[in-house]
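So this first bit is one chain, no partners, the form predicted on its own, shown in C-alpha cells.
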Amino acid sequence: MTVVTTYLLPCLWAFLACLGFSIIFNMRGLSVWIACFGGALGWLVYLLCGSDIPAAFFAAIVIGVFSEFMARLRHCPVTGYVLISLLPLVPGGGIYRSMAFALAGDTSKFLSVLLNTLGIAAALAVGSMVSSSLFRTVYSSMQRAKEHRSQASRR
C-alpha cells in the first residue's frame, strides 16, 4: 500500500494536473496524453531522487529527453510537451510560503525557503536546457552518420 500512496497516486495527480493544463494550452489528440505521461514520468523521477534541487534537475532532464524524443517521433513542436510536462514540478508552493514568511517578518525562514525555491526553478531550467542541447547534438550526429552511410551505400 505504501508504494501506491508514495509513488502511484502522486504520479496520477501530476498526470491529471497536466491534463488540465493541456486543455488550457489547446493541445489535441494523442499529444495531450503524451504530455500528461511526461508530467507523470517527471514526477516519478522527482520522487525517486529524494532531495529537492537534484531531484528537480534529473526530472527536468528526463522530461526534456522524453519530450524531444516524442516530438521527433510525432513530428510536433517540442515546446508543448516540455511546458506541460514541467508544470507539476514548478515550485509554486515555495513561492507562496516564502512570501508568507516575508509578510510575517520571519527573515531567516523567508530567505531559506526563497533560496530553495529559486534553486528548484534554476534546476528545472538548467535540466531542460542540458537535455535539449545534448539530445539535439546527439540526434544531429546520428542523422549525419545515417546520411553518410546512405551516401556511401549509393556509391
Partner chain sequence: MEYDVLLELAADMGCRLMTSGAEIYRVEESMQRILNAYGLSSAEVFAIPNCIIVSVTTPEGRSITRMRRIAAHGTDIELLERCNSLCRRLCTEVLPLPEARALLAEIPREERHFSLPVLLLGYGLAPMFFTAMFGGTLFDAVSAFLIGVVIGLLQFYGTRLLPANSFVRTAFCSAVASFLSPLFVHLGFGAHIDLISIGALMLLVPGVAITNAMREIMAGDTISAISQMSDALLCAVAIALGAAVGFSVGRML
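Note that the structure is predicted; figures quoted are calculated from it, not measured. Residue numbers count along the first chain shown, from 1.
The form predicted together with the partner chain is left out here; the points below concern that form.
**Student:** Quick check on I95: any heavy atom within 4.5 Å of the partner chain in the model of the complex?
**Tutor:** Residue-level check for I95: yes, a contact with the partner chain.
**Student:** Answer with yes or no whether Y139 is in contact with the partner chain in the model of the complex, where contact means some heavy atom within 4.5 Å.
**Tutor:** No, Y139 stays farther than 4.5 Å from the partner chain in the model of the complex.
**Student:** Applying a 4.5 Å heavy atom distance criterion, does C36 contact the partner chain in the model of the complex?
**Tutor:** Answer no; every heavy atom of C36 is more than 4.5 Å from the partner chain in the model of the complex.
**Student:** Would you classify S108 as touching the partner chain in the model of the complex, given a 4.5 Å non-hydrogen atom cut-off?
**Tutor:** Close contact is absent here: in the model of the complex, S108 is far from the partner chain, nothing within 4.5 Å, heavy atoms only.
**Student:** Which of the residues spanning 60 to 75 lie within 4.5 Å of the partner chain in the model of the complex, based on heavy atoms?
**Tutor:** Read in sequence order, the residues that approach the partner chain (within 4.5 Å, in the model of the complex) are E68, H75.
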